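Coming up is one lone chain in structure tokens, specifically the form predicted on its own.
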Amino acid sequence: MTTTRDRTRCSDELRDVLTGLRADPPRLAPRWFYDDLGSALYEAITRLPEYYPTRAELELLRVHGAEIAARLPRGARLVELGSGSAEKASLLLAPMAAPESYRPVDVSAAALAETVRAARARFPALDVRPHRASFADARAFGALLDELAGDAPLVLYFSGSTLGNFERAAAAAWMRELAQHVPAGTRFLLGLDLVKAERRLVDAYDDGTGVTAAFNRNALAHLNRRFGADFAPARWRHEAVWNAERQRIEMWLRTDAPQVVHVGDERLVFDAGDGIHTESSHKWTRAAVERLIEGSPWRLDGWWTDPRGDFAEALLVR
């Protein structure tokens, strides 16, 4: 049964989508990658030879997980944002001192189900409770954080360099907003992809087998399913480019021929060569992270990298 709340949410989401698609250049929020199919495609991306971030973060946690866990409070509640799978969280939970519970948060029901299955198999005595939610809107996500704060010390874990999908100013605002919903002493472990050679960065987002291209196009298919739009995803070409000035990878969908697309009641006209900006993936340095939290309630309390220096975990304290 569709409720008034469901209809209102759909209307708000459609308004946001249309605002982005009417912009110059048109854009879509990365959240539209992640329905169940998109989450499965992303998991496939993490196993590609070109896509180093997942392997680098896992190696970092294998090498430094115990050291990181030693900096976390005993009896903590671990909340993982955009969990995807329990593989990384397990490398933190295993050395943590008597974790109170594990709370994975994801927009995909299928991804959450797999996360819960894996976590309960690995830690049968641990309280594992999933939460299906988007964390992109910090104010809306704050209501869940208010609930999760509870009596146990709180540890947030934002893995996979997803923070890089935010514009720098938006990331800073998001961090400040989250701080309003968590108690003093909350730890926040941030996964961060570091600046490196352009070729490696571009290859990571434009693999030779086309999995990332399918992931990118799935955003359009998701809009078709969610709003009854009539995008023809196969007519859009995947592009990944490095923007050196902004230190970010940009993903685009570009049309080589004119197209007319209907989304809701809107008629959108695209000319040959027009693109839709679907994702920015900002890359980081330690100095950039320090600038990010400057003037906020967060302070940097720890910094670890994998042996190659590709990826970092930054530990913040509220």
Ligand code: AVJ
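Only the largest set of C-alpha atoms that superpose within 1.5 Å between the two forms is called the rigid core. Residue numbers run from 1 along the displayed sequence. As the structure is a prediction and not an experimental result, all values here were calculated from the model.
The discussion below concerns the form predicted together with N,N,N-trimethyl-histidine, not included here.
> What is the one choice in Asn165, Thr186, Ser108, Thr115 with a heavy atom within 4.5 Å of N,N,N-trimethyl-histidine in the predicted bound form?
Answer to the contact question: Asn165.
> Could you check which residue among Phe270, Trp284, Tyr34, Trp252 gets a heavy atom within 4.5 Å of N,N,N-trimethyl-histidine in the predicted bound form?
By the 4.5 Å criterion, the partner-contacting residue is Tyr34.
> Among the candidate stretches 257-265, 59-67, 39-47, 284-292, which one is within 4.5 Å of N,N,N-trimethyl-histidine in the predicted bound form when only heavy atoms are counted?
That would be 39-47.
> Wondering, does Gly82 line up within 4.5 Å of N,N,N-trimethyl-histidine in the predicted bound form on heavy atoms?
Flag for Gly82 set to no.
> According to a 4.5 angstroms non-hydrogen atom cut-off, is Thr212 in contact with N,N,N-trimethyl-histidine in the predicted bound form?
Yes.
> Any chance Trp236 has a heavy atom within 4.5 Å of N,N,N-trimethyl-histidine in the predicted bound form?
Output for Trp236 is no: heavy atoms all beyond 4.5 Å of N,N,N-trimethyl-histidine.
> Check Asn218 for me: does it contact N,N,N-trimethyl-histidine in the predicted bound form (non-hydrogen atoms, 4.5 angstroms)?
Contact with N,N,N-trimethyl-histidine, no.
> Within 4.5 Å of N,N,N-trimethyl-histidine in the predicted bound form, which residues of 179-206 have a heavy atom? Give them in sequence order, or say none.
Counting only heavy atoms within 4.5 Å of N,N,N-trimethyl-histidine in the predicted bound form, the single contacting residue of 179-206 is Tyr205.
> If we fit on the core, is the Cα of Tyr205 displaced 2 Å or more between this form and the one not shown?
Where the cores coincide, Tyr205 shows only a C-alpha shift between this form and the one not shown that is less than 2 Å.
> For Trp236, is the CA shift between this form and the one not shown at least 2 Å following rigid-core superposition?
False for Trp236: its C-alpha shift is below 2 Å.
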